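The chain below stands alone and is given as structure tokens, in the form predicted alone.
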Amino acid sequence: MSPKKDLTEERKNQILDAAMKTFTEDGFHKTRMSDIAETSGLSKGSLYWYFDSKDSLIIHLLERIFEPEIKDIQTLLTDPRSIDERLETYVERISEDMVKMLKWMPLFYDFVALAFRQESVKNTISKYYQRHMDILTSLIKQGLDRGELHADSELEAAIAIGSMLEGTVILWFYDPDKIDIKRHVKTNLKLLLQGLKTPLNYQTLDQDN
């Protein structure tokens, strides 16, 4: 890597760190590009050289948050362990990342709210959501193919696990004293796996209906 490229990445990270700090302290809507420039210690002209808008900063912040996480959990697809163990590792890693991000969670939900109005932000969040779901769905499909899990649809099972993860964070937001994210997602996954490991009895389901 050339010294020039090193400096470019250093400057970008310097600006992204400043943006994260300023957005968190002052709120996304109140923060101006000049505020970020001041926090970063760079001139406003230097800031605009690397990022032309707050939307551009948000997209790069989201990429910086999610890209390492995606690369980490992607390794689970070729992990030789059982599906139970790999799914447990999946939720463990995701919950650890969530706990690290708790102080920035209000900011992240600001970004989610912005996604309803800004297509570029929505597309970035949707892209990483889809990559997460693709990995989770592939893991569950491996379990179905090997007879370790039982479900009508790997997608439905993946949505259940994804909803459990996202829902636990929201419950923590409502009652942080009662909700322990890492403990509760582990317990909830155990309950979900009990259901997924039980062979479907279609005769019983038909009788119930």
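Not measured: the values here are computed from a predicted model. The term rigid core refers to the maximal set of C-alpha atoms that superpose within 1.5 Å between the two forms. When you see a residue number, it is the position in the sequence shown, counting from 1.
Omitted from view is the form predicted together with the DNA, to which the following refers.
For the candidate set 39, 142, 31, 168, a heavy atom within 4.5 Å of the DNA in the predicted bound form is found for exactly one residue, namely 31. Within 4.5 Å of any heavy atom of the DNA in the predicted bound form lies no heavy atom of residue 150.
The DNA in the predicted bound form comes within 4.5 Å of a heavy atom belonging to residue 50. Mapping the unseen interface onto this chain, residue 43 counts among the residues with a heavy atom inside 4.5 Å of the DNA in the predicted bound form.
With a 4.5 Å cutoff on heavy atoms, residue 11 counts as touching the DNA in the predicted bound form.
Judged by heavy atoms within 4.5 Å of the DNA in the predicted bound form, the contact stretch among the candidates 176-184, 159-167, 50-58, 142-150 is 50-58. Within 4.5 angstroms of the DNA in the predicted bound form, the stretch 93-122 places no non-hydrogen atom at all. Put the two forms on the same core and the Cα of residue 54 is off by 2 Å or more between this form and the one not shown.
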